[in-house]
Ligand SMILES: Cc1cc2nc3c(=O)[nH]c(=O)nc-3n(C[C@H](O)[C@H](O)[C@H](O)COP(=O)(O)OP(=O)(O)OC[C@H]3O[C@@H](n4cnc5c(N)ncnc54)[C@H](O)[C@@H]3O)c2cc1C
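Below you'll find only one chain, the form predicted alone, shown as structure tokens.
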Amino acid sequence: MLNFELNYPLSQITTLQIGGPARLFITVSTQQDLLEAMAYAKQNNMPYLIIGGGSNLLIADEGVNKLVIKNEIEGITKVVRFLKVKSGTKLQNLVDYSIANNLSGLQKLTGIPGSLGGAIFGNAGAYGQTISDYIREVICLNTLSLEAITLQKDECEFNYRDSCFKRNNLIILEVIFKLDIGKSKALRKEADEILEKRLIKYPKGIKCPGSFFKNLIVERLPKELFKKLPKEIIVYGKIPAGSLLEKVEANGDQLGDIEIAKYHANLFINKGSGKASQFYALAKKYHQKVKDRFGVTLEPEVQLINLPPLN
């Protein structure tokens, strides 16, 4: 029997520790539980929201008038170079498993919080590696028919911090990877070096959803806009959003308990009892400043839940 909770405080399960109550909340640890929760939402004509680790979300202080389903369906199966991974698996557990089993391709993703499903949804990446690089198939739940379907990698429309799952009625259930053969010791060394770098930017315990705005892909920018942008900040074909925010003096600005990091202008940190409204107002302020100065519209990388678009 499903165990729903009324008015569950979502601040308890987000990295930011921000977010109002969910009208109805449930954690699912099996696919059958997920199907039953979805069937309940359908039968009661109730909107729903699926979340994973809560690491890439800014949820309104008012919360959400929905059934919020937290996906904790975990598991990894290995066949030679293939891994079949359930979407509620913590991304770090997957990275560690691949390294321990001498499989290369995910080691640079070490230290990224959240679940595999969330990482696939936003095509998470770091240091030139993305979660989609070695994907073969994604098994999903069609929320209209409540039947499982399989998408090949090219059907997932993976792009920079983007996938088709942001635009369709599919819930990620399992992911199949085909990884390269590596050596565990060398892979662990590489992962540890990456983690050391990450911990400078994201110290342990930091209440931060990661970089708030997406970087700009140079080749996608109109020529007229590109002319206005400082060329010296281009890194690997991208213009870091943090560099543009720095140029409009975002570093160190604060509203209530939400502060933009002094050392990185694209990190918005909850210093204690910050509110979503403060976070949003600060983000909107510098979103507009960048637009006014450079003519570009920064897109949030973080998912805004029950909050209006910034533009």
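Note that residue numbering begins at 1 and tracks the sequence as displayed. Remember, predicted model here, so these are calculated numbers, not experimental data.
From this point on, the text means the form predicted in complex with the named molecule, which you will not see here.
Heavy atoms within 4.5 Å of the named molecule in the model of the complex are found in exactly one of 164-172, 99-107, 75-83, 232-240, that being 164-172.
Of the residues Leu187, Val95, Ala124, Cys156, just one reaches the named molecule in the model of the complex with a heavy atom at 4.5 Å or closer; this is Ala124. Contact with the named molecule in the model of the complex, defined as a heavy atom within 4.5 Å, holds for exactly one of Ala283, Ile51, Ile26, Ile260, namely Ile51. Using a 4.5 angstroms limit between non-hydrogen atoms, Pro113 touches the named molecule in the model of the complex. Heavy atoms of Gln303 reach within 4.5 Å of the named molecule in the model of the complex, making it an interface residue. Of the heavy atoms in Ala37, none are within 4.5 Å of the named molecule in the model of the complex. Though the partner is left out of this view, Cys208 does reach within 4.5 Å of the named molecule in the model of the complex, counting heavy atoms only. Within 4.5 Å of the named molecule in the model of the complex, a heavy atom is found for all three of Thr15, Gly118 and Arg198.
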